[in-house]
Structures are given as C-alpha cells and as structure tokens.
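This document opens with one chain alone, in structure tokens, the form predicted alone.
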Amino acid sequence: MREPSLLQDLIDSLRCLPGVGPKSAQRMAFHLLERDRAGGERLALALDKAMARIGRCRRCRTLSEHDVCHLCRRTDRDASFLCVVENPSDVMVLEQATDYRGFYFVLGGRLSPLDGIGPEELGIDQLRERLAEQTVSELILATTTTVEGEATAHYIRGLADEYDCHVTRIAHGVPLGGELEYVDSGTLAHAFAGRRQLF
C-alpha cells in the first residue's frame, strides 16, 4: 500500500472532474507542480472562492454568487417567456447561441425515480410559484431527448395546463449541415415525427 502524500492527494482530487481518469489527473498534477505553480495557485484560489461563494439564484436556480443572478435582475428581458432547462450550463449555451430574451428556470436535473430524483428535487414547487406569480405566455421546454428528459417535459407540460400558458418544446433532430446517411436512427425518427409545415 502506498504511503499517502500531498502529490497523491492532488492527483486523487483532480479525478473528481468529469472525464479525468488517473493518467489525466497525474499529468495535470505534474504540469501544475513542474511548469505552472502560479497557475495552480490561481486555480486553488478561484476554486476556494467559488466553492464558498457560489450558490443558486432564488428565482431561477442557476448558479450565482448573488441571491438573484444577473439575468433575473435584468429589466430589459421579457417576463412573458420562461425557458425550462436541466442545468446551469444550458443557460450559458442558450445565451451564447440564441437571441432568446426571456427568463429561465433551472431544474438541476431530470425526473429519475430509480435514482431518487422526483419533482421535489427539481424545484417543481418553485416553478409552480413562478407560473402563478407572473404572466407567462409561453413556457419553453428545453430538456434533453433522453427518456428521463422526455418524462420531465411531459410532467411539466401537465403542470403548465393549470396556468393557461402556451407550452412549446425546442426542436430536436438533424443537425444543421448534417447529411441523413450519417444521422443515427433515433435522431432521424424524432426529427421526422416532429416535422412542421414549410411557410
């Protein structure tokens, strides 16, 4: 059995990151210690501050160092649109790739009874409050096309019926510039079933 050391502790700690195995963690640790100690110190400080100060926005549940995130504080956004996403990273992606100017609600996952994730864990009561307190004309569901993501979208669709708001689902299917022969059958079937009229 190996004697515990600071080096091994650093390597083991780096393995908590997604996609980082033992070799990658070891390579990162040696890089920081041998070639970029200043970068390692900046990383340690940034991690320490982020872990201590970043929580969830009380309105939309995205990650924020403030009680209410910068998007929820914006007065130039359209409160009649509410986009439901699974993760805070989805908010960032949509903000960078689209011209959407409504508000968001972050579930923090998707319904998965086998994993013990039910409506309570996803903040559905908080979503219900958002729908009740403001006039949402369109609720946009931007969950994944996994079985759990579809089940989550279906559940929220039923919830939205109580608040008389129009519910839409983001389109899924053939990627822009994609050729049909290279698209997997599940994606192609979903795209074909979701076809719409051309204007």
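The term rigid core refers to the most C-alpha atoms you can superpose between the two forms while keeping them within 1.5 Å. Just so it is clear, the model here is predicted, and its values are computed rather than measured. Sequential numbering from 1, following the sequence displayed.
Absent from the display: the form predicted together with another copy of the chain. The rest refers to it.
Highlighted residues R27, E34 and Q96: every one comes within 4.5 Å of another copy of the chain in the predicted complex, counting any heavy atom.
Think of it this way: in the predicted complex, another copy of the chain has a heavy atom of just one of D67, E138, E41, E162 within 4.5 Å, and the residue is E41. In the predicted complex, another copy of the chain lies within 4.5 Å of some heavy atom of R56. Although the partner is absent here, G186 lies well away from another copy of the chain in the predicted complex, with no heavy atom inside 4.5 Å. Another copy of the chain is not drawn, but in the predicted complex it has no heavy atom within 4.5 Å of A151. Though the partner is left out of this view, A46 does reach within 4.5 Å of another copy of the chain in the predicted complex, counting heavy atoms only. Partner proximity in the predicted complex, defined as non-hydrogen atoms within 4.5 angstroms of another copy of the chain, places exactly one of 127 to 135, 162 to 170, 58 to 66, 142 to 150 at the interface: 58 to 66. Residues are counted as partner-facing when one of their heavy atoms sits within 4.5 Å of another copy of the chain in the predicted complex; in 72 to 110 these are R73, N87, P88, S89, M92, V93, Q96, R101, in sequence order. After superposition on the rigid core, the Cα of A44 moves by 2 Å or more between this form and the one not shown.
Relative to the superposed core, P18 undergoes a Cα shift of 2 Å or more between this form and the one not shown.
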